Each structure stands twice: as C-alpha cells, then as structure tokens.
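Presented as structure tokens, the chain that follows is alone, the form predicted alone.
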Amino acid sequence: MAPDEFRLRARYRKGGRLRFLSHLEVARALERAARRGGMPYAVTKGYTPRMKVAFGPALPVGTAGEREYLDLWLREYVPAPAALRRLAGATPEDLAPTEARYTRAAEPSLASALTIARYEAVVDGVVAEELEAALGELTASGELAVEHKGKTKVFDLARSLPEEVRVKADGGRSVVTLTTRMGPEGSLRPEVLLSAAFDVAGIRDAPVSVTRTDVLMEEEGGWARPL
C-alpha cells in the first residue's frame, strides 16, 4: 500500500433478491457505489488502472450473506462514519454496508485471513430428526467425496466441519446450523453436505435456502471477526 493511502474495511450484507447475484456482479455493484458515493478511491498501477478494492471469500449464487467484507483503498482520509454514509447511500439496500473502519496496511488480505464460515440452511419438508440422524451418520464416516467438473475432491469432515452440525425443527422446516473451514484446498458447501445427507436418508431433494451468517479469522486462542 502506498504511504499516502488509507485502507477502509467495510461490512455489508447480501440479501433479498440480490442473493442471486454472482460474486463478480456483487463486486461491480459495490465498485459502482464507491464511484457514485464520491469516494476518493486509489487505483492500481499499470496500463489499465482499476479501483483498489478487495473482497472476502466469494458467496455462491443464491446464497445470502449477513456479514461480508471488503477493503477499499482511498487516496484521501475520510472519517469512517462519513465514508459509511457515502457508501450506504449509493448502494441498494440489500447490499448496503453497515459498518466501516480503517485497518492497518500490514494486515493480511481478507481472502487469506477469513478461513471460517458459519451458515444457516433452511430445508423445507424434511423432518428434523431424520435429517439430524443422516448428518450424524455422514459426519461419523469421516470423509465425503464430491464430484466437480470431472474431478473428485475428498473432504476430511473432521477438518472441514470444526463444530458440530446442529439441526432444529421450525414448523414444517428443518434449520441446520453448521461451520466450515475454508482454504486453498476448497471449502465444503452446505448444499453439498445436505445433498449427501439426503442420499444417506433416502430423502428426495428438498428446497434449501442457505445464508452465510458469519466469516471469521482463526487466531491463537480462538476465532475473531475482521471488524
């Protein structure tokens, strides 16, 4: 980071119909918001300078996010509350930033620092006890092989699921709470785990709505939010 630049970190959400945006579309929408909000953003060097902005781990199309993050580098210092107002005022409500502060230049990138994700998945029409038993049997097996684009990836479930998967009944729905570890080796998507559990229990595919409720950094002694 250039010595005259300021690294602003903002938390935003991805909700409503905008959950169906791709990661690239979300990035473009938030970059447009920074321009509309008159943010004095820094640009990259080279023949085609671009806004200096970086995002946390991508969310799949259709997955909502309650605590997503971006870093925006500025050429001029703008007090964080004023920067937040500018960004929020220029962003659709379902993508609006809700918190901002400056962070140290030496901090690692969001993409590398955020390695823990918490999710809530709502499954319609499946009995909670049945789903809980299937997930228990699946996680006890220790591994899950996933086919993707002609390749097989094997997840070590003890590492990929650092906390116990929990299931509760909510009317005619099952609500699954789970935590996954992200990294260069990939991350286990909740839909994939649930689909495998459906197979274990002989359940036909059921509608699943997934929200990433938090993303966290692993630190000595525990996990922490980046803001």
Partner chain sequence: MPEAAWHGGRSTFGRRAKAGPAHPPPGRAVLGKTRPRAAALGELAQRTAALFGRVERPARYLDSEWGARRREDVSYRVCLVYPDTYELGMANQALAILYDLLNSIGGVAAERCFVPARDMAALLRAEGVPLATLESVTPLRECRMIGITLPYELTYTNVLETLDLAQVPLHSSEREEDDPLVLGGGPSAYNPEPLAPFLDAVLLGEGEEAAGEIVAAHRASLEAGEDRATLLRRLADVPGVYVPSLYEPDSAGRPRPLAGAPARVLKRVVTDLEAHRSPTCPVVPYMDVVHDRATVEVTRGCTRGCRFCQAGMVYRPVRERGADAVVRDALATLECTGYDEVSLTSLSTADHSQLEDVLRRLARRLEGTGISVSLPSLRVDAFSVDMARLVSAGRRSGLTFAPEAGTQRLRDVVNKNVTDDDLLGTVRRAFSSGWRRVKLYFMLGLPTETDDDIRGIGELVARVMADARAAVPPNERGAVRVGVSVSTFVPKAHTPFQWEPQLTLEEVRRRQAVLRETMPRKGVDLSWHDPEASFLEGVLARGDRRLAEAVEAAWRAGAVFDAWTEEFDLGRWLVAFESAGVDPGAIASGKREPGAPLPWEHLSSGVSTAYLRLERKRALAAEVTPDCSFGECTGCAVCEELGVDVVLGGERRGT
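Residue numbers count along the first chain shown, from 1. The structure displayed is predicted, hence computed values, not measured ones.
Heads up, the form predicted in complex with its partner chain isn't pictured, but that's what we're talking about next.
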Contact of residue 204 with its partner chain in the predicted complex (heavy atom, 4.5 Å): no
query: Looking in the predicted complex, any heavy atom of residue 49 within 4.5 Å of its partner chain?
result: yes
query: With the partner left out of view, is residue 218 within 4.5 angstroms of its partner chain in the predicted complex by any non-hydrogen atom?
result: no
query: Quick one: does residue 41 come within 4.5 Å of its partner chain in the predicted complex, counting heavy atoms only?
result: yes
query: Heavy atoms within 4.5 Å of its partner chain in the predicted complex: which of the stretches 152 to 160, 106 to 114, 91 to 99, 125 to 133 has them?
result: 91 to 99
message: For a quick test of understanding: in the predicted complex, does each of 18, 28 and 35 have a heavy atom within 4.5 Å of its partner chain?
response: yes
field: Residue among 61, 169, 192, 58 with a heavy atom within 4.5 Å of its partner chain in the predicted complex
entry: 61
